[in-house]
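The chain below stands alone and is given as structure tokens, in the form predicted alone.
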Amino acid sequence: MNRPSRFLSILASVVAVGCSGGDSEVDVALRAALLTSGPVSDAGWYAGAYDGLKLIESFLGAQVSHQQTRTPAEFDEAFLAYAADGYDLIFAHGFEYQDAAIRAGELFPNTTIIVSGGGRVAANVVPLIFRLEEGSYLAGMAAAGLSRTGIVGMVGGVAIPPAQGTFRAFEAGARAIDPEVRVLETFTGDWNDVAAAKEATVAQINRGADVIIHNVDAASFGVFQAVRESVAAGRTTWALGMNSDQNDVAPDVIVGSAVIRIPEAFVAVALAWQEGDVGGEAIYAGSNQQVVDFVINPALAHVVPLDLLERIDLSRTQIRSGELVVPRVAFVEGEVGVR
């Protein structure tokens, strides 16, 4: 079994069985670190990564550490500090870490660096690519099916390829339901600026958008607040979560979330690393391993028409079987197709 297939087998097992805690079976305790460029209190992208780190700690008995790093200089410093201290695995959670990861990997060949959403590959620098576009495609279907105005919105942080890919898929999903749907797109330039995200959301609502999805981090709170205020003003407006199951963050307005099950994926990476099956090529994880999905908010399931739910379920099945190929933006070095 080749490395990607071996990883996917491990990942499928982890997702199916779950991780409730336990002791690592290896003789030497794993040391794993996490770098995030934003706060792990964001209830989304960073929070999922931190939960993954803590799951590695509890499930594998690993020694773990986390740092929030905001600038490229801090990226370099953190990589070098962890690698020099003998950490085995460093999870760098974001596309922005890829160049610093390559530099650190060259200096410390015995440290493996996992870059979530990264695009550069080396023997010990491994992009972990979540096929989130498969979840955002289904979210786009939900958005178009719920919209009364025929206008839906997308609010993003920085226009990096992974974020752009989720929006292209969201747009395709929306057009699968309503070919005439109008899709608004705004990038604020910042993942965590709550005020900027709220302002962008308000502007889209004022242009007629009545269902809004985001691809930001802590700034998602601004998106949800803008939608809540729109509802309070008497409009019918809905939000969609992204990166993790955010349905409980604003359960009165979030109809569903495009979800990445980051903790399970992190544990699968750690297990594959222990078996020598990580290195030299990107790792892809998507809906076929149930890592990526679109999850309806149970509290608002009644607002989603049954026929729309059935179409979303059918598309989910077709994506998992390979019958439906979701648009994506390729950004990994040497990538020749979707795996």
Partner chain sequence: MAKDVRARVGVGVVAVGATALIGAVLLWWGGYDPQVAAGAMFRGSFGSWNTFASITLVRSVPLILTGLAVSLAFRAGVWNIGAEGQLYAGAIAAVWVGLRGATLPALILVPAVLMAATLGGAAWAMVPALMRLRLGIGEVITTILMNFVGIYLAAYMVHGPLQESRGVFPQTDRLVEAARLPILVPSTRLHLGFALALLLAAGLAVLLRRSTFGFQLRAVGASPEAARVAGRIRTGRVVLASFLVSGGIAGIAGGVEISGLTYALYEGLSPGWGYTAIAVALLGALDPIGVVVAGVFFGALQAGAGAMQREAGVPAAWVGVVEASVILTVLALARLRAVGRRGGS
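What we label the rigid core is the largest C-alpha set whose atoms superpose within 1.5 Å from one form to the other. Residue numbers count along the first chain shown, from 1. All of these numbers come straight from a predicted model, not from anything done at the bench.
Form predicted in complex with its partner chain: not shown, discussed below.
With a 4.5 Å cutoff on heavy atoms, residue 156 does not count as touching its partner chain in the predicted bound form; it lies far away.
Its partner chain is not drawn, but in the predicted bound form it has no heavy atom within 4.5 Å of residue 167. Mapping the unseen interface onto this chain, residue 58 falls outside it, with no heavy atom inside 4.5 Å of its partner chain in the predicted bound form. Among residues of the shown chain, residue 256 is not one whose heavy atoms approach its partner chain to within 4.5 Å in the predicted bound form.
The stretch among 257-265, 73-81, 227-235, 170-178 whose residues place heavy atoms within 4.5 Å of its partner chain in the predicted bound form is 73-81. For the options 146, 128, 160, 151, the residue carrying a heavy atom within 4.5 angstroms of its partner chain in the predicted bound form is 160. In the predicted bound form, its partner chain lies within 4.5 angstroms of at least one heavy atom of each of the following residues of 79-113: 80, 81, 82, 95, 98, 99, 103, in sequence order. Superposition on the rigid core between this form and the one not shown places the CA atom of residue 74 2 Å or more away from its counterpart. In a rigid-core overlay of the protein, residue 290 has its C-alpha displaced by under 2 Å between this form and the one not shown. Once the cores line up, the CA of residue 233 ends up less than 2 angstroms apart between this form and the one not shown.
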